[in-house]
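Both blocks below hold the same protein chain, though in two forms, and each is given as structure tokens: structure 1 and structure 2.
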Structure 1
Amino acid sequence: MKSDNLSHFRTFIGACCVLLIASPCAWAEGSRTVLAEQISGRAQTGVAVFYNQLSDEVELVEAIEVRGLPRESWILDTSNETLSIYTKSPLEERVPEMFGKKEVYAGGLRFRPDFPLQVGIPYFVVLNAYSNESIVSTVYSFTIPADESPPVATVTEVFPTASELPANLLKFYLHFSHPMSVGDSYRHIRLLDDDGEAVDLPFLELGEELWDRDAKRLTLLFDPGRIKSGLKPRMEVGMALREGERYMLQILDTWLDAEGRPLVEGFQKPFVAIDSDVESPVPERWKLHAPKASTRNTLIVELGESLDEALLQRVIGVIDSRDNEIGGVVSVANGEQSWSFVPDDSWKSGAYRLEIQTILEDLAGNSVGRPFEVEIRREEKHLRPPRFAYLDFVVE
């Protein structure tokens, strides 16, 4: 958590100001300086930008100040038309000026941008001021230089980790070491068949990409229209994966992290598609190795098949005979075929239960409560599965 807060904080800088070159920038101690270049108009005043750069992404600017411009030269008291900041040169292209608050400050003008500045792109400062009863427009430009930092983000893991996956596989989870750019993800992902040809549109390409809050894990769903029985996409082009064939999931290094750097390297996951899995996981078939009392030994559950890693991490709990949940740490291993649990405190002698939310799925979306596709039988219509399934065990 600490490092997350730090990285969030690091995306902002403390201060930046545009002011007379000679003026000291008292509140930006330790700041760097870049001279704003005058690109047009009659010289009115020099402009410099002081800033603290703590990151190479975006910069929080508390204020942009212009000092030394004689009061009588302002166009309006509110300075609305005297000072404007743009992302494009007004000499070349007309774009809206940046949102911010303009105010008078100790004889100078202050612009407080509503949004942080971005490194590496030019900003244009336009000063319109009266000079000898005519309006003189001067344009300055500055860029907060980007740190040339090398790529750092990598693909840390792709789930499922097994190399044999059912042909009706429903999803991959792609884990990254750093927050990633969002909104253009599918362009950087390929599924290749054994001939190295890209499988055509295997994934559900949603406008709302399925990231976690930190933008470090993307859920990549296969197109359910190509998995479900009797649907047109499946009839037209078939399932994305064919039983017995070899595939390669490729993640390209062109994918940019949240700070605009490409991945350190691409990632490849070879796998073989095996028979489709159309059955629900059955907890009664799991092998449970009960730990000994008075130890903090690991409770190990062999699942007999690979299950969904993300759900395994959070939908199985351990409760004691009085229905109290036991605190502990879960881990998933062995191609997601093994779930284990280390309790915070020693096991006590007695009866325990594994409490399993029935939303737990296998790799093909069959949940404990319900297979992915259910054959409709009239007498069983519309039955909701219970929320939990249980496995009893005894600690001795």
Structure 2
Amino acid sequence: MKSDNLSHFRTFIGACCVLLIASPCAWAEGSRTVLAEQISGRAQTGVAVFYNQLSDEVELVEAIEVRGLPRESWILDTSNETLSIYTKSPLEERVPEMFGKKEVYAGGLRFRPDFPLQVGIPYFVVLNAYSNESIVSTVYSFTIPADESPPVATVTEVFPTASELPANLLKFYLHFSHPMSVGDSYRHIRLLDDDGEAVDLPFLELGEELWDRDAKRLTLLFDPGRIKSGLKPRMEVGMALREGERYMLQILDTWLDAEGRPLVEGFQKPFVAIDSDVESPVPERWKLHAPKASTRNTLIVELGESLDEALLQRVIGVIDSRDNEIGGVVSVANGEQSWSFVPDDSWKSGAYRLEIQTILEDLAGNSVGRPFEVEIRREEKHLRPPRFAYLDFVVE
């Protein structure tokens, strides 16, 4: 909560403090805050813990005025207190606290989680107060109510976009128009074979799902144990994708967004599995179409194969003859087989280089620096591929 909004929230908390004691968990429509219920520890009179949906922050605020309560009973020194947030009750089992940023500010404590809190999940807030080498802990709990407004979230894109994908495909990127709920994503994703039957456990189901900071992009990994030759899962159950067969990646509309609303509609991506790809991308084979000087025309690079979309967006750059980076906008098209660049300023005549980080991968995880299937001997582990590969071009 911003400092200039503090007086507004203090007034709100002061007015609601008696409500907090009598009915600890309440919903305030105007300010979109959820008051937390104290479930253990010494009563902290004049103090409110709540979740602010507008800023996605958990806060402890001291009431500015509480009628009938002695001032000395209020907590005034937040410098000796900390807030920790859990997804399970720390009173019942040992669980790690949530990752996030903790702040002390004039008037209270604030916790901003690294990932948005989710509707319908009980959260537990532990306030630790330190005094004379002792700790007094108080536990609060709250659950964010579901938003009953109409669904708004959609699947905007699934990468790779090509309809023919290698049988040793390493990952999908699922993009959404709105922040999504996290923690049970795999229940809403299915991979169907040509008979409409679900492929058994094709994906690596991680406890810590691979979301971006905004919870709008999920990286969905195939189980690498079923991809890499010689590993036990592949030998026992085989690869998830078989060459020449058709598949359907299905995203169900039961998936809830961060406010608890289902997707507007489900999403389906049909594709055919083709031969496995075991070779690294070779930049020297790319076709580069240089722009004209004194224009902001597009630099276009034909890659000759589909490469990893997320990496294409960030690991290729343009530098001039003095190794100065050229600012501009990157675009990826044609089934991730085309990379283009529009400079911020007009091209000047002269020599340029395309600077490619060798971590750039194709769809099967083969990087420019090393194939996915390569087995590194112990004596070779200190040998690393060069960090960059380069393509030279001239603007005239």
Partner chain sequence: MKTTIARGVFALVASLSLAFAVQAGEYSSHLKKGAIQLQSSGSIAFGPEGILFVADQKAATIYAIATGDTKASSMGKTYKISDIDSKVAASLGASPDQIMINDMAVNPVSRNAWLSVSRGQGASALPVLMKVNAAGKLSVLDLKDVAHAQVALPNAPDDKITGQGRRASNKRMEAITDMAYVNEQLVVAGLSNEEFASNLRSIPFPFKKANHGASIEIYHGAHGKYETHSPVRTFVPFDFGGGDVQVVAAYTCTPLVSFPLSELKPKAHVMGRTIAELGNRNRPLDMVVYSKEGSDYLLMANSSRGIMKVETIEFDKLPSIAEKVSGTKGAVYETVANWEGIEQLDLLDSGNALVLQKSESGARSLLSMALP
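Remember, it's a predicted structure, so these values are computed and weren't measured experimentally. Here, rigid core means the biggest group of C-alpha atoms that superpose within 1.5 Å across both forms. Sequence positions of structure 1, starting at 1, serve as the residue numbers.
- Only one is the form predicted in complex with its partner chain; which? The form predicted in complex with its partner chain is the one given as structure 1; the other form is structure 2.
- How far, in degrees, does the smaller rigid part rotate relative to the larger one between structure 1 and structure 2? Treating the chain as two rigid parts, the smaller one turns 43 degrees between structure 1 and structure 2.
- Quick one: how many Å does the C-alpha of E148 shift between structure 1 and structure 2 once the rigid core is superposed? E148 C-alpha displacement between structure 1 and structure 2, core-aligned: 3.0 Å.
- Query: By how many angstrom does F124 shift at its CA between structure 1 and structure 2 when the core is held fixed?
  - Reply: Displacement of the C-alpha, rigid core superposed: 16.7 Å.
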